[in-house]
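To begin, one chain is listed below as structure tokens, in the form predicted on its own.
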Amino acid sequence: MAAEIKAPAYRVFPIAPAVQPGAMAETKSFVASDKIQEALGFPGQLVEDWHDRAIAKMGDLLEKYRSFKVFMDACVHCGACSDKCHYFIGSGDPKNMPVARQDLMRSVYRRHFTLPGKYFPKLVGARDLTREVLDEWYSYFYQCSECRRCSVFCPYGIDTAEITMAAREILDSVGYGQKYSNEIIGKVHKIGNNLGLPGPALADTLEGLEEDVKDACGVDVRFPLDVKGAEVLLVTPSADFFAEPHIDSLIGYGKVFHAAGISWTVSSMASEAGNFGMFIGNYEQLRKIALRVREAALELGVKRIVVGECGHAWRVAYSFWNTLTGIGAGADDPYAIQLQSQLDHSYKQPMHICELTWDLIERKVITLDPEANDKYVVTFHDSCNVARGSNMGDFFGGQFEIPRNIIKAAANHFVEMADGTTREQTFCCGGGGGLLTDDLLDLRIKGSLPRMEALQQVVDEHKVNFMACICAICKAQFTKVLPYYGFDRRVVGGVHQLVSNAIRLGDK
């Protein structure tokens, strides 16, 4: 009988937990089947020569990515990162300290790619890559959400996320992939979104939304699909099409476009903003998913590309689309050049929905009545990939200020959570990086502890009853784990959910 999953107790002070060696050693997500693996071009199961292939793959990555080799060599075990990971804070397992998780790979790197490790392995902490070590990689590198909080505190700037991505790519290359992430990637390639929603189901959903909004506010707000010649292509997480509270933000986007008189469309070919290729560290998969957006933009003839409320989707769009697809300039293949000539460069390409909405608010193109949200005392959760892997607007730190500016325009009561838990030091929701699967629910609950502590503080002191996010994974994670900490799941919602409540709709 499975052990009961419970939330860990809040700490009296936000201090490092007592160390519990091996506490999460048996925590493993489901391994991908042969069909899931082979659909992505990976071996269907663990290959016989997995050791040699894994070492060869590591060597390839070390040669290809200079940063990866620097991260392998630079760590001095200073401990600055040790208590910064939400999974270590929640579980106490020392191998969830970022430095210790890195050393699962660094010890193998020393053994095979450094002279001291080859000749004096025990003196430098070098290890052979055994099957036991490989299993350890699979367990603990899927207990990292790639949130990069530890990197903020590292004096050398070591990016644990990049090490995690490399480990996962090596695991996939030998046939040891994760079911959750790889199955989702397969759905995107086959259908166009993470949830596997076919075009007719998507069309039916959007038509239903039009009816619901008409009934609610008496205005014909359109939610178009595959409309050629629209000005804006909206690429948003597929959760926005069906799940609460996500769908409330999609309604907010539609109302913003309507009130501003901007024609827009969703593409059934590229309805998904999320890109799990980043989570598994595979740039070929990342690019293949991103190219669907370029293909849709060219086919529909749009002038602008706008990304919805999804944390890692915005990081991918902001940091990778330019060189992977040419959407933001960078690629130089014929289709990238064609797209650059098609897009309107008086606007940012791509643009986050928050950038678009705040620009419209500042120019008084749309009007918000913040009294509509007076039932809420709002706080804001900075999503990891937005906070530490992107920017918004034309000024440093825009990814922090623009969402807050929108909230303050849409609601009268706003409260910040404690310093050290927001902005660039924000804690992860606990479900990012390919971990948003119920086979890792215990890990997710433990990983959300620091955020729940910060939320509880503003609830107690300021009666906060709404935590706004601009990330689909954060919303999905919080709605799952909030009840374990005694919260109503409706405490979490989107920034554009507040906009939807407050916006004045005219005839546009």
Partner chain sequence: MIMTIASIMFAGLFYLAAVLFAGGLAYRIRDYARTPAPLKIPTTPAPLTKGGVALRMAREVVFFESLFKSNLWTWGFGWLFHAGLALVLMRHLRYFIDPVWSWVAFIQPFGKYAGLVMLVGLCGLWARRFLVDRVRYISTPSDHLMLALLITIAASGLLMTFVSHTDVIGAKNFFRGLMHFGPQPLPGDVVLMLHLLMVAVLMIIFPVSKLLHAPGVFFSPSRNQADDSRDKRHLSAWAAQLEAKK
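Numbering follows the first chain given and starts at 1. What you are looking at is a predicted structure, and each value in this text was computed from that prediction instead of being measured.
Not on display, but discussed next: the form predicted in complex with the partner chain.
Q: So which stretch, 218 to 226, 232 to 240, 82 to 90, 205 to 213, is the one near the partner chain in the predicted complex (non-hydrogen atoms, 4.5 Å)?
A: Of the stretches listed, the one contacting the partner is 82 to 90.
Q: For the three residues 10, 33 and 431, which mark the spot I'm curious about, does each lie within 4.5 Å of the partner chain in the predicted complex through at least one heavy atom?
A: Spot residues vs the partner chain: no contact at all.
Q: Report the residue, out of 76, 415, 201, 418, that has at least one non-hydrogen atom within 4.5 angstroms of the partner chain in the predicted complex.
A: If I apply the 4.5 Å criterion carefully, the residue I get is 76.
Q: Could you check which residue among 62, 464, 476, 482 gets a heavy atom within 4.5 Å of the partner chain in the predicted complex?
A: The option sitting close enough to the partner is 62.
Q: Report whether the minimum heavy atom distance between residue 364 and the partner chain in the predicted complex is within 4.5 Å.
A: Judged by the heavy-atom cut-off of 4.5 Å, residue 364 is well away from the partner chain in the predicted complex.
Q: Quick one: does residue 135 come within 4.5 Å of the partner chain in the predicted complex, counting heavy atoms only?
A: Although the partner chain is absent here, residue 135 would stay clear of it in the predicted complex, with no heavy atoms inside 4.5 Å.
Q: Considering only heavy atoms, tell me if residue 301 and the partner chain come within 4.5 Å of each other in the predicted complex.
A: Although the partner chain is absent here, residue 301 would stay clear of it in the predicted complex, with no heavy atoms inside 4.5 Å.
Q: Is residue 381 one of the residues lying within 4.5 Å of the partner chain in the predicted complex, judged by heavy atom distances?
A: Heavy-atom contact with the partner chain at 4.5 Å: absent for residue 381.
Q: Given a 4.5 Å distance limit between heavy atoms, list every residue of 309 to 331 close to the partner chain in the predicted complex, or none if there are none.
A: Going through 309 to 331 in order - heavy atoms within 4.5 Å of the partner chain in the predicted complex - the hits are 314, 315, 318, 319, 320, 322, 323, 324, 325, 326, 328, 329, 330, 331.
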